[in-house]
Structures are given as structure tokens and as C-alpha cells.
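Okay, so here's just one chain, in C-alpha cells, the form predicted on its own.
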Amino acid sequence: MSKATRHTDTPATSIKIFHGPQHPGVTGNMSMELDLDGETIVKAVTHVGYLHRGFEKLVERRTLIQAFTIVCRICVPEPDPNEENFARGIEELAGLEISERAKFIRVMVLELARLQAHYLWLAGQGGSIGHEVVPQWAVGERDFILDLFEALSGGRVYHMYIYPGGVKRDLPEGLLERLSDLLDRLEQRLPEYDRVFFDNAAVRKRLQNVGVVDADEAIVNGYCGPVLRGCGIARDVRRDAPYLVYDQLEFDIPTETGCDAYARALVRRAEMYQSIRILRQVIARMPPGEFQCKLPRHHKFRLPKAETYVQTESARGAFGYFMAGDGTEYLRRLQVRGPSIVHGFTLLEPLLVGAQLSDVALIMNSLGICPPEIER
């Protein structure tokens, strides 16, 4: 358990409030039922059930190509790891080998997705503590990344670009040059975020020693991403179980030892630089060739009776798909394991006990919770 006790008796004088689902400080359509003693939280219960999407069953009742358009909705702020997991799972089951160019393009998409997700997190974290400047900056920087996604796929949020057998279409002319110019801009701007936000004494005071996670619990309970690396544990699927061409690229796994919301913020800040570093290598080494391998006709695209489990490192941590074929054009079973399952229940509820009401939003945001991953 966390430093706070999960099963805390509710004082007779406490009051109950609901933080969300209609609240700007909630990371999506979920609600925290909070019992307060003054402004101190004595009990917290996570409620999902506001989405009713049932992604896994929707996918199981559609053909492989029809299901491709559904999985990206499992996490709106970062849809691309879902697309990559789904496509790679089908490729492993069907025995498809994609080209080197397609692999490099997928890495480019995934790292751009990581960058825009970190900017979105930065905007949310700034807003959760009343910082007015950084949210505007970060949303603006993210829009430049979304411009590239729009040029690449036609969509700014849902891209439906990483496709079984490779990617949906080749890179538009001049996209890599635009990406290179954007990386120059983003890298030049990062020190401004340090000066205004990460090195700001007021920000440190709000985030340090808040939402402290025990490192031993992090391993036992399966925490991942910045939560785990903020406890000093350098675990990352890209390094531990390389996929695509990550084993050919140079990058570091940032860690911090503070175990609190500020440590998780510093990890994300360092990861932004590492994503820029990876993207520069992708630009320099983008190979020629086909972007899509030959696929069976849609009505004849059948998977064998086999199972696989694939993982992608999202901005919030390890994202896994269990997929099982049954010899038809449908999946027999799809099960999604996103970081929010453990971060939104196992971790968040005890972590809020003993915290102040004003810290609820910043603690939630520091964990990177995406409710559709829970109610899937």
C-alpha cells in the first residue's frame, strides 16, 4: 500500500464531494468520490462508467480492417500506440513482415505522439496549479505537432495512419523538412519552460513531496512510465523489449528518485528531449522503399488460431494488447492493458488519502490517467 492507508475510517464530521466527471481538473470522463475532513481527503473512490464504450467487444465483432478504426479511440490524447499495437499484433498473427521504411515511419509517428502528449500533460499540470502562461505555451506548441499529423494523415487527433502491413500512405513531400524545422523550434523553446515552470520555486513547492509513490510498491503493483521512472527505476519497453527499429537508435531512459509529482514532471521534461533526439535520427536515416506490404483481400484476411501479446511504450507507460485469432476474419479475443488500470485505481485511491483537496487535479495529472483505458 502507499504511505496513506487505503481503508481509512471516515470521520463523522466529514463531508462528501464528487470531483468530476464534469470538472476541468479531471483527466477525462471519470469521477473521484472524496470524503473530506476540512480540506484533507480521508477517503477516495474512483468511479468510471461515464463512457460505456466497450472497445474490446466492438473490435471482436468487426473484421480486422473495420476494427482498425476503433482502437485509436481507447485513448484520445495519445491514439497512435493503440494503432501500432493493433497493427503489430495482426502482423505477428498473420506472419507479415513490414518494410524498414514503414518501421522508421512508425517510430516517427510514435515519438511525435509522445511529444504532443507530454505537451498536453504540461498544459494540464500548469492549469492544475493555477499557472496561466505554460498551458497557453504548451497547447500552442502541441498544435504545431498536430499540423504535421494533419499533413500526414488528414486528421489532427485521430490519425488511423499506422495500418496492418505498414502505414496507410507514404510521407508527403517536404514533411521531413517541416519536421526538422519544428524540432529546432521546440528544442530552442524548452529552456523557456525550465525557466518559467520546472525551475520555478512556486511550482516546486506545489509538486514536491506531493503524491509520493513507494518504489517497492511501484514494482509489485505494475506501475509504469513516468510513475515508475520517477521512482528511479529505468524501465521502458523500447529498451527492455525493443520493437520496430528502437534497437537501432540511441536514446536514454530518464529517471528521477524523488518519487513525487515533481519527479514525474522532470522525467517527462527529459523525455521530451529524448523524443527530439530520436526524431532527428529518424530523419537522418529514413530509408527508401515501400511503405505497405501486400495484404490479403479484406474478405479473405483471416488469422490463424493463435495468440500474441504486443507492447508499446506510450507517453504514460507500457501499453499492451493480447490478441487471439480463431481462423476467421474476426479476432476471438482482444484485451487491452493500459497504464490507467493500475494508476487510476490501485495507485490513485490511496495516494489521495491524506492529500489536500487543492492537490487532487495535480496528482491525477501526474499519473497520466486516461479513463477510456479503464472502461474499455
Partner chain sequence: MAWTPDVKGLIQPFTALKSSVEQPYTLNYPVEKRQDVTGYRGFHVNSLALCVGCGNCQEICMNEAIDMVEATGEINPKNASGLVPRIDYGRCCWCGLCTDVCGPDSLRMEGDYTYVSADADSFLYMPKDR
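Numbering follows the first chain given and starts at 1. Bear in mind that the values here come from a model prediction, so they are computed numbers and not experimental data.
There is another form of the same protein, the form predicted together with the partner chain; it is not shown, and what comes next is about it.
Of the residues 285, 305, 239, 195, just one reaches the partner chain in the predicted bound form with a heavy atom at 4.5 Å or closer; this is 195. Note on contacts: among 246, 301, 291, 137, the single residue with a heavy atom within 4.5 Å of the partner chain in the predicted bound form is 137. This chain is displayed without the partner chain, yet in the predicted bound form the stretch 200-208 from 264-272, 108-116, 200-208, 249-257 comes within 4.5 Å of it by heavy atoms. Within this chain, residue 68 lines the site of the partner chain in the predicted bound form, having a heavy atom no more than 4.5 Å away. In the predicted bound form, none of the heavy atoms of residue 229 sits within 4.5 Å of a heavy atom of the partner chain. By the criterion of a heavy atom within 4.5 Å, residue 168 is counted among the residues contacting the partner chain in the predicted bound form.
The partner chain is not shown here, and in the predicted bound form it never comes within 4.5 Å of any heavy atom of residue 88. The partner is not shown here, but in the predicted bound form the stretch 120-157 reaches within 4.5 angstroms of the partner chain through a heavy atom at 133, 137, 144, 147, 150, 151, 153, 154, 155, 156.
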